[in-house]
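One chain follows as structure tokens, the form predicted on its own.
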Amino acid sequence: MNIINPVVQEYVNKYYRPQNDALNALREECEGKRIPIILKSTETMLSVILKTRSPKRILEIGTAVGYSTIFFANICGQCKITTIERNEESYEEALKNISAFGLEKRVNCLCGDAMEIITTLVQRMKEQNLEPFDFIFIDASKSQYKDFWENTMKLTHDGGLIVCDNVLLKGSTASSQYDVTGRHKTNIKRMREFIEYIKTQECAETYLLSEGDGLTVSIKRNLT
């Protein structure tokens, strides 16, 4: 269900401009196959954030077939990206797409359970004094957003950004009337709890935005 006024959405999307023809072709392919990727309006919002911030190190949770990974790499020309995907078939497709765009040297694509990999990254950062991530993008299992957010907070520095996508769950986070079948009660409950939780945490200043299917943008605070 489209909870945004379709006339307004069509008008806004009319001014969407892809980064290049190749990335636009990948978007059209994904949309044609119903592969979930970031929405056009979400991509536009992220473009503003990334161009303003110019992150050098990006962590992405939820690679899918690599569309957003490639988008990040293109818009932040010097950045290094670590991206995590659990589904092996999607992971293999992402590797092909990343290679097709010539980004193998800048993108480290990992396959496995995100929480296990995040735990390993936290440990390595402590033991090897690795640089923290400047920008973290979470777009994976919605029911695990709280765990992802809590643990990736350990992987960024003061002032670092953590952005979570699809937090409105097509409107059902705001109102259960949008969960027409009633099959998503657990995800809705957990997402509401997650938003309530991060909005009250002293370690970050968090903004809830209605762009796309909803975003939270958290800025890590210096509490010392």
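So that there is no doubt, residue numbering starts at 1 and follows the sequence shown. Given the structure is predicted, the values throughout are model-derived calculations rather than measurements.
Absent from the display: the form predicted in complex with a small molecule. The rest refers to it.
Engineer: In the predicted bound form, do 87, 113 and 139 all put a heavy atom within 4.5 Å of the small molecule?
Structural biologist: All three within 4.5 Å in the predicted bound form.
Engineer: For the interface check, one of 180-188, 48-56, 35-43, 151-159 should have non-hydrogen atoms within 4.5 Å of the small molecule in the predicted bound form; which one?
Structural biologist: In short, 35-43.
Engineer: Exactly one of 144, 108, 99, 119 has a non-hydrogen atom within 4.5 Å of the small molecule in the predicted bound form; which residue is it?
Structural biologist: Exactly one residue meets the criterion: 144.
Engineer: My question is simply whether residue 68 lines the interface with the small molecule in the predicted bound form - judged by any non-hydrogen atom within 4.5 Å.
Structural biologist: Residue-level check for residue 68: yes, a contact with the small molecule.
Engineer: Find out whether any non-hydrogen atom of residue 171 is located within 4.5 angstroms of the small molecule in the predicted bound form, and reply yes or no.
Structural biologist: Residue 171 lies outside the contact set for the small molecule.
Engineer: At 4.5 Å between heavy atoms, is residue 64 in contact with the small molecule in the predicted bound form?
Structural biologist: Within the cut-off, so yes.
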